[in-house]
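Form predicted on its own, single chain, as structure tokens, below.
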């Protein structure tokens, strides 16, 4: 069976890997270098425990307050375009406890087995930087901390083993924390990977397995003379038995070429890499109120944050980057925001109105599939997404795990 995967980000590459390992002939089509954008410009967190969708009870008020500040962690570029208004209205409707709980459970289930999948990738010869150590969510505000602790039951029931720490206990685990930290939640089993190294490892392994890579934008989709689906662009026409749309924030544009409308919009985030790293230890750190995370890599500290809803552009905002640089100052005893660093970068996360990924067959087509909308969890959910979607394509039917992510919920 021949499958064309449109998109060379982490989800597309993971899907290509799962398909070729099961014997499929795979062609990956991308209009820029594999892993460009959000697949490399992210925090590198592999965190099945952080399964909560962006739409959540109370998030609307927090977002409105944030938008009043030029350096706020959430920003929205307003638009009167019908697609934008429908998206924001859908997100508003999803900000309720019932929808949040349902989305959380579905995403947590999809993330189960991610660590084993990464270990299997490494055992199969992929070389990439990976660390254990867990993640620590540090709080400055007692009310925010108490609210987070009150919501940990679902994490315990899912087997994520959250541990509640006082401020002093958190400082014993991470001495760099300042006295302003009132408490923390520690998830000891989570991991981190250097995103670009995972992409490079996947690409190298895929090439060795015979996967073909085609450079160019997909500008056409439909059926060839033989009735099979095909994609076209400056590279010509490529026919296949199935097509997978895994183009990240651009997936909605590609889906329209096949007659489907998917409400996938970009959510922009920024990263700054400090070289050498000035954040010691083996634990990832979430700055809860600042909505930023810190990742220690070999020789580098990456600070990542912000969520911006706008267009399909990756311009870096100086004010947002300045806020990211400053954020650790309140949480750490020593932090130099102006320490040597690489140029900041931006990435567009593919977002959906209800916060759930979109994975499955595009109706009424029986041979065109989508794997997108993973928001900030693309790296975490990519391995299982690829495995489950490969099973759907090669075996038929719909895996139970993928039912909550069906495109049908959007009429696609």
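All values derive from a computational prediction rather than experimental measurement. Numbering follows the first chain given and starts at 1.
Below, we turn to the form predicted together with a small molecule, even though it does not appear here.
Comment: the small molecule is not present in this chain, but in the predicted bound form one of 59, 51, 27, 375 has a heavy atom within 4.5 Å of it, namely 375. Of the candidate stretches 136-144, 335-343, 263-271, 84-92, only 263-271 has residues whose heavy atoms lie within 4.5 Å of the small molecule in the predicted bound form. Contact check for residue 19: every heavy atom lies farther than 4.5 Å from the small molecule in the predicted bound form. Although the partner is absent here, residue 10 sits close enough that one of its heavy atoms falls within 4.5 Å of the small molecule in the predicted bound form. Contact between residue 368 and the small molecule in the predicted bound form is not found at the 4.5 Å heavy atom cutoff. Of the heavy atoms in residue 212, none are within 4.5 Å of the small molecule in the predicted bound form.
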